[in-house]
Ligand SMILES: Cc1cc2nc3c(=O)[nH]c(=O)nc-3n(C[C@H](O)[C@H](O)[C@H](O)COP(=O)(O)O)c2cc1C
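One chain follows as structure tokens, the form predicted on its own.
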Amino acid sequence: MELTEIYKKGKEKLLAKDYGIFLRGVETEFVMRNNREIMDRYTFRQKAIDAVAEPDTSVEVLGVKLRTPVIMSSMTMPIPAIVEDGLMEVARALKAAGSLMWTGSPVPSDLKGLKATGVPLAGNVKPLKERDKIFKALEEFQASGVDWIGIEIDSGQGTKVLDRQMVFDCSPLSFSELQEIRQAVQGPLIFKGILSKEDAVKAAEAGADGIVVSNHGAHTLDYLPHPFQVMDGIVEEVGGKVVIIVDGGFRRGSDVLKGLAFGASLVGLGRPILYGLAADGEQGVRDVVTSITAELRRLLSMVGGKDVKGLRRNILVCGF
């Protein structure tokens, strides 16, 4: 199934169900509109002469080897409701596509089963008011053998879709608490939800191995910027010190290439994974990732890229 068809079919199926609300954004939904507008401002500087016919899309990030820089953004809901055994289907699909799975809240009950599929796996925890629950989740992640652990720093006021508060039991984390979390985690630690150079610097100083520049799928605060509006300052401050991952409205290989050009090592997909699962189960998720990767490879060839490492902003032209 082609990508456009997957998106259309998957979105229609999801919106027909109660859990289709997860596709909507917070309050006025400005964030979702702005995501597309900002990404569409950038076009590509074509360099067709001496182009590499088959650029390499493989990456190695924080000890994980992937065939694509396209990964799953952190989420659990509403995957189990879309298809029976949905999390396992997503895990198998991402494994086959050479990608990484990043679970969210609630923490899946069978992390070891997901890891047993062979998919690189990251686990995520929110800044829960009951801090002991955070450390319990950290212990569970590490016992399950996840490759990375993510901590949300942007959902201190919970999450919200339209006018409905979805998550209530959160509270902002302090710098000292992030340091304490760092001490409790033995492997790679990612702080998710960075949207300012100030938070990026604090994340690095607290011991993060990586950060996710993200507006949280438009589910936290209204009128947040798209990552591209803040990436330059963040890369200037912490580029080379921490791994930078980005998500927020990425849909095609062209979007992914722009994210890489801005300085990200990996680009996360949220809703596209849900569309693929709803449209065609495991195969749909695999098709989403492989199709976007194929688009990325074609584009790389025509902007003078031989691989996804070391891309620069000079492949982009700001249209307005």
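Predicted model, so just to flag it, every value in this text is computed and none were measured. Residue numbers run from 1 along the displayed sequence.
The same protein also exists as the form predicted together with the ligand; that form is not shown, yet it is the one meant from here on.
With a 4.5 Å cutoff on heavy atoms, residue 271 counts as touching the ligand in the predicted bound form. At least one heavy atom of residue 247 is located within 4.5 Å of the ligand in the predicted bound form. At a distance threshold of 4.5 angstroms between non-hydrogen atoms, residue 74 is in contact with the ligand in the predicted bound form. Interface membership of residue 86, defined by any non-hydrogen atom within 4.5 Å of the ligand in the predicted bound form, is ruled out. Judged by heavy atoms within 4.5 Å of the ligand in the predicted bound form, the contact stretch among the candidates 227-235, 121-129, 139-147, 178-186 is 121-129. For the partner-free chain shown, 214, 216, 217, 219 of 194-233 come within 4.5 angstroms of the ligand in the predicted bound form, judged by any non-hydrogen atom.
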